[in-house]
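Here you get one chain, nothing else, as C-alpha cells; it is the form predicted alone.
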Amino acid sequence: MSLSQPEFQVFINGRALQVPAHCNVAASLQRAGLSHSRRSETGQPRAAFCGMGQCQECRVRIDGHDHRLACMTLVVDGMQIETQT
C-alpha cells in the first residue's frame, strides 16, 4: 500500500506547481505563496475570505474563463490559473 497521495500539476500565472489532487484552487494559491487572487477596482489586494463561495473575493481566471471562484473549484491536472497580482 502506498502512502503517497496523488498529485496534479497546475500552472499558476504560468508557473508549474504540484498540488494534492483533492486541493481546491484557493489552497493551491496559498501553496504557491500568493497572498491574494485579485485586486479591487481601487487596487486593493483581495483573497478568499469566507471559503464557501459567498464573498466572491477569490475570483480568478481558470483555463481562460474569468470570475471562477477559487475556493469552490477543485484542481484538475494541467489547469491554468491566472491571478491579478
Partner chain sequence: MAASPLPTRRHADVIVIGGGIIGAACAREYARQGLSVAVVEPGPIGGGATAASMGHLLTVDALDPADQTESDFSRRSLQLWQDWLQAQEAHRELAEYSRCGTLWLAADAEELDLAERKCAWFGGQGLAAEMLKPEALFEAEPLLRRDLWGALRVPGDGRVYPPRVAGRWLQEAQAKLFRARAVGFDGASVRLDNGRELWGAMTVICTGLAAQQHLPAGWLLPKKGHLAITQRHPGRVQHQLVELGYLKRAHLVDQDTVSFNLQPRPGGQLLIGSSRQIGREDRELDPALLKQMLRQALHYMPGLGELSLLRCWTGVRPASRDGQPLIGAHPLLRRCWLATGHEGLGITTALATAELLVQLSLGQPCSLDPSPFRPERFSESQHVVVPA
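Because the structure is a prediction, the values reported are computed rather than measured. Positions refer to the first chain, counted from 1.
Missing here is the form predicted together with the partner chain; even so, the following discussion is about that form.
Asks: His65 near the partner chain in the predicted complex, any heavy atom under 4.5 Å?
Replies: Yes.
Asks: I'd like to know whether Gln30 contacts the partner chain in the predicted complex, with contact meaning heavy atoms within 4.5 angstroms.
Replies: No.
Asks: According to a 4.5 angstroms non-hydrogen atom cut-off, is Ser35 in contact with the partner chain in the predicted complex?
Replies: Taking the distances in the predicted complex, the answer for Ser35 is no, it never comes within 4.5 Å of the partner chain.
Asks: Looking at heavy atoms inside 4.5 Å, which stretch does the partner chain contact in the predicted complex, given the options 6 to 14, 57 to 65, 70 to 78, 20 to 28?
Replies: Residues of 57 to 65 come within 4.5 Å of the partner.
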